[in-house]
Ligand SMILES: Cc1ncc(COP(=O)(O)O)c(C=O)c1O
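Below, in structure tokens: the form predicted on its own, a single chain.
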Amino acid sequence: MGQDIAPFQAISISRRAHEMKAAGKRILHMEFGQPSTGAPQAAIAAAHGVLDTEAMGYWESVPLKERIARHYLETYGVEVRTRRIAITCGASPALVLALATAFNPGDRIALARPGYVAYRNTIRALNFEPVEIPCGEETRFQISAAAIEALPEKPQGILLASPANPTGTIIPREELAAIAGVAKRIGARIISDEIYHGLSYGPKIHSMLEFDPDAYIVNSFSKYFSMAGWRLGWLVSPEEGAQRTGAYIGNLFLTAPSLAQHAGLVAMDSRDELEGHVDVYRANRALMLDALPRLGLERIAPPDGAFYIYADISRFTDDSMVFCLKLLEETGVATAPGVDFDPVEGHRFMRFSFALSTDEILEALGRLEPWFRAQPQR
């Protein structure tokens, strides 16, 4: 029998937001981590051309796999053979594939808390055991080699993300190398979620493949490439696991959408347009960081990358879900409650996504500032 898992509370927030929108309320969506921009224009044009000329069908694009392999060489100096790359229907199936092919039922997977809600729930749904390591300000809300090594019972797997969700923090090169060293010493397999690569506001982002060539790497076209609705991602498996991954993907998911694969190939060479999106996020981040103290939110995780700010709201509430619903009802600004990302401490945190247009960020701040000023403090 399958395991019970907790619901994604931000979906409840979003559902209510859409009800309000249907009733005529203007809603500003800061609850989900999805770009407000669409796919690159050249990718959309390529998709139109394919629609006009091809029937399409089940297919895995060899040119796309070759382009992804070139991306690893050009960006990280790492050679990845195309047979290690599986094209997936987004990052979520890639995570399922990595977990299902790398571990046995009952295996323990270490991960940071706070962390993306689907990590612990997917681990649990597949009958593995999530081992959440509490990560606070002293480690910039990120997992560390020391914390993994200090676990009384060594895990079979380590799941990490850099940049991270919900905090946007980036793990430095030295710490990634140290984590890879600990994993090798204790015999743990690493899964690295790298879907926010390309979204940095200063620190350099490194792939775990630079330090552990046998790591599983999850990535997606949803974030940097602004193609969330196209449902396209990939998984890099170690050499010895690639054949097993291929068998699993063929049986569980068949193939990723053909149209998305054609568009994704073109998107990978649309860098000027995509870097323009990053410039917008950078401006939005600056606006948010300037405004947050005026909202009474001085304690935040340092948003090095991605497009999130994870803020301590304990001066206002000890129930982030109720707080976010109240905020939505009274301002029309949808946000994510911290309990999604941390079931222990998340009741006193909330997450803002700034992957909107700059005009929308300014509008949201215009609503948020007077609302927060009016809230009683505990």
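Start at 1 and count along the sequence shown; that's the residue number. It should be emphasised that the depicted structure is a prediction, and the values quoted were computed from it without experimental measurement.
Separately, the form predicted together with this ligand exists; it is not shown, and the next lines address it.
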Practice task
Would you confirm whether the three residues Q142, P203 and D304 all fall within 4.5 Å of this ligand in the predicted bound form, going by non-hydrogen atoms?
Solution key: no
Handout entry: Touches this ligand in the predicted bound form: N165 (any heavy atom, 4.5 Å)
Key = yes
Exercise for the section: Spell out, yes or no, whether the shortest heavy atom distance between N284 and this ligand in the predicted bound form is within 4.5 Å. Expected result: no
Exercise for the section: Give a yes/no on whether S220 approaches this ligand to within 4.5 Å in the predicted bound form, heavy atoms considered. Expected result: yes
Practice task
Please check if Y116 has a heavy atom lying within 4.5 Å of any heavy atom of this ligand in the predicted bound form.
Solution key: yes
Practice task
With this ligand left out here, work out from 293-301, 259-267, 209-217, 87-95 which stretch has heavy atoms within 4.5 Å of it in the predicted bound form.
Solution key: 87-95
Practice task
Name the residue from I195, C135, A180, I109 that puts a heavy atom within 4.5 Å of this ligand in the predicted bound form.
Solution key: I195
Fill in the blank from the handout: Answer key: of H71, R231, R124, K154, within 4.5 Å of this ligand in the predicted bound form (heavy atoms) is R231
